[in-house]
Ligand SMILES: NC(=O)c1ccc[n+]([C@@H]2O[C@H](COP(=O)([O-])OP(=O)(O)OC[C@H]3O[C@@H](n4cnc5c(N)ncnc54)[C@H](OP(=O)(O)O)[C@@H]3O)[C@@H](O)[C@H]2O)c1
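Quick heads-up: it's one chain on its own, the form predicted on its own, in structure tokens.
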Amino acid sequence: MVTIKVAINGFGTIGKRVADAIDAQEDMEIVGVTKTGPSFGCGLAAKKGFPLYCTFDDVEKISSFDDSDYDCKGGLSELLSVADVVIDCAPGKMGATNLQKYKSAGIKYMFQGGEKHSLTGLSYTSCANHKENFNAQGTRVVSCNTTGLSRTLVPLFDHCGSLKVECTMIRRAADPGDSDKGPINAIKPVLKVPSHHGPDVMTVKPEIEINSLAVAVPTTLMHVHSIIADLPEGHGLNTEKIIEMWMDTPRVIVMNGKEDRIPTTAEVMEMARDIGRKWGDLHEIFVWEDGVKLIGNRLYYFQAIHQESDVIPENVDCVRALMGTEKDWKTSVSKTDSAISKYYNL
């Protein structure tokens, strides 16, 4: 078995989760992670046995580790020299600069959904376009919201052949660890219409016609999507068949809000903690069964997205796509999810 050598550039909210998911895979190994300077995250990397590098090549910034308890192996260029592919989880607004570094190093690269599609000209989510990313030089794993929309809409599109969608994104104001963001006591509409969330689906599945609105609300737990999808005539579906379709879809959980006593995002995240997920993460998209209703050709439903974690397994599958080691997306998903479950003894 060929072992893919993976570098993680940025060991924060997403980076630390991606690193664990990569570390769980039999066909991959972490050759290093980066931090901008000495911090608590460096200790976490050391505890995991991940070699630590500096996010920058600047000698002064690398030397900032000298008086710390952390063993910094060098700068980003040194890390790239020993890797096959780099997963960019670096701080925002560094994408263009980092892209040039990756190209200069001749390494394959992946960015996160915070970067624009135009940066790479190619985006990824496993269920929508795994094959289109096969053996590509670089791509962007789409955002948590785009991932969530793709997980439930792509199976519908594959069945129906066409789909028109309007959705409202009820967005968390910040991640739990972000203390400097808001709103605190307000509902903040995103006044750019449409918001970028829905149309971003078209970077991975351009055949789906979709628009979106968004509002930010004072919660840190999850996003909620309120979705209306118009199906074509002769679709042959009913509410029950759609629910069954999603139950058979990888990384989608369908539960009944009333019967399972899980009516809000608070109970969804409590469930994730109860089943032993590290950090209380939920990689799956959560759909409320009793909130799904097909009336004629119009489908209504709600779903919840754990913004810190639904993209994590997608990064693993994307590595296999770029490296050309697994053509079938469902096979990769099965490998990824099984390995993560064993890693955490779930």
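Because the structure is a prediction, the values reported are computed rather than measured. The first residue of the shown sequence is 1; numbering continues from there.
Heads up, the form predicted in complex with the named molecule isn't pictured, but that's what we're talking about next.
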- Query: Taking 94, 98 and 144 as a possible spot, do all three reach the named molecule in the predicted bound form with a heavy atom inside 4.5 Å?
  - Reply: yes
- Message: Please tell me which of 212, 123, 150, 112 lies within 4.5 Å of the named molecule in the predicted bound form, judged by heavy atoms.
- Response: 112
- Ok, 225, 197, 172, 130: which has a heavy atom sitting within 4.5 Å of the named molecule in the predicted bound form? 172
- Partner proximity in the predicted bound form: residue 89 to the named molecule, non-hydrogen atom cutoff 4.5 Å: yes
- Does the named molecule get within 4.5 angstroms of any non-hydrogen atom of residue 320 in the predicted bound form? no
- Task: Evaluate residue 307 for contact with the named molecule in the predicted bound form, applying a 4.5 angstroms cut-off between non-hydrogen atoms, and reply yes or no.
- Result: yes
- Query: So in the predicted bound form, does residue 13 come within 4.5 Å of the named molecule, heavy atom to heavy atom?
  - Reply: yes
- Message: Partner absent here, but in the predicted bound form, which of 29-37, 273-281, 293-301, 66-74 has residues with a heavy atom within 4.5 Å of the named molecule?
- Response: 29-37
- Task: For the heavy atom contacts within 4.5 Å of the named molecule in the predicted bound form, list the residues of 45-65 involved, in sequence order.
- Result: 55, 56
